[in-house]
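Only one chain comes next, encoded as structure tokens, the form predicted on its own.
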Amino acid sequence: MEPGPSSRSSAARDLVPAAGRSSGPAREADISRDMKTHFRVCRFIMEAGVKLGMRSVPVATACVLYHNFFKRVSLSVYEPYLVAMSCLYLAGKVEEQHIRTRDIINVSHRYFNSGSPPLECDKEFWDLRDSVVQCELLILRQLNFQVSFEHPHKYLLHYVMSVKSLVNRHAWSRCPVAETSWALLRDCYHGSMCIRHMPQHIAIATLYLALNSYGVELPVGEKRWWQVLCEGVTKVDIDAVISDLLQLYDMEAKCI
């Protein structure tokens, strides 16, 4: 039987904040609240991933696992931060950067209890560890064990190197296009847009936005540079990614 609200361990409830829901708000309010929760939880995944020394792709995989899981289940049923911890654990396995459950639990504990010492290896710790492992199995079942994903990172790396060769090296050195596009790419994982758009489109759109932000112009030929690099992508595709990304930044302002 899959765990419901009553099956959450007391250790998990003590470690992470509950995702409470009011009794009958408008659907729009529900969606907005859920989006804010997912934004905050993915920010936790990213910050915890940094503290755990995880590479960019395993952290991205953890975010995709999280979004795909809650695409299938209700946020009112499962503790999102516990799911996030399990996603970090599972992503480490998928991307061959194994992370110990003890390290994930301690980093998470410090995240919510700043300045506190690590948890003792008592019943509370072992209950929480069991919750993380059981939740990992639940995620695997919900996703039908489809846990390998294609990320935009490799495409963005290729696109950045290709564009760099077309720009005056002095102009390129003055504008942190590469750094900005990578930061924009990372931000895409705060929301479900990372699973709603093709990885190539996300990569092209983040680079397009970075170039426009610094006013970097590329040579114009029969095709635009983004059509040359990513066959089949349209301006509509790029605009759709950028629109979703800007909505995420608006969400960030509301979450502060």
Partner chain sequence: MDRDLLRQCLTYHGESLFSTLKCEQTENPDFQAVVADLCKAPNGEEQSSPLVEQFIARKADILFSPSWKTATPKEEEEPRQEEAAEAYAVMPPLELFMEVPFEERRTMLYRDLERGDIVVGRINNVREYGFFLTLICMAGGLNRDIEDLELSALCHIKEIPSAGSHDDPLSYYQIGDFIRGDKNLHSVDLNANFGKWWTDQLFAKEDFASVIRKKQSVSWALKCVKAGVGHFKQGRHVEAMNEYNKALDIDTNNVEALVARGALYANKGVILKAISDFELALETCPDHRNAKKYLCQTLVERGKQLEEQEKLVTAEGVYRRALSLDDANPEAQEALRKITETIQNSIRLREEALAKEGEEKAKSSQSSAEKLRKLLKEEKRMKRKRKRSTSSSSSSSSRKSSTSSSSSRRRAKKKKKKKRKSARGGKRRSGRRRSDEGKRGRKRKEDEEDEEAEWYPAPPDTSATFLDQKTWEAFGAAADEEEGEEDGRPRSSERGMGDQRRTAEPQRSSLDERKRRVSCSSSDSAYSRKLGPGKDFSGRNFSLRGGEDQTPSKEDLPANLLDIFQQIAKFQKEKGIEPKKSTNSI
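Numbering follows the first chain given and starts at 1. Given the structure is predicted, the values throughout are model-derived calculations rather than measurements.
There is another form of this protein, the form predicted in complex with its partner chain, and it is not shown here; the text below is about that form.
Only one segment in the set 90-98, 143-151, 113-121, 74-82 has residues whose heavy atoms sit within 4.5 Å of its partner chain in the model of the complex; it is 113-121. Checked against its partner chain in the model of the complex, the residues Met35, Ile195, Val57, Val216 give one hit for a heavy atom within 4.5 Å, which is Val216.
Not displayed here, its partner chain is kept clear of Asp127 by more than 4.5 Å at the level of heavy atoms in the model of the complex. Within 4.5 Å of some heavy atom of its partner chain in the model of the complex lies at least one heavy atom of Leu184. Taking the partner from the other structure, its partner chain in the model of the complex has a heavy atom within 4.5 Å of a heavy atom of Ser243.
Although the partner is absent from this view, Arg40 stays clear of its partner chain in the model of the complex, with no non-hydrogen atom inside 4.5 angstroms. Looking at 130-161, the residues that come within 4.5 Å of its partner chain in the model of the complex, counting any heavy atom, are Leu157, His158, Val160, Met161.
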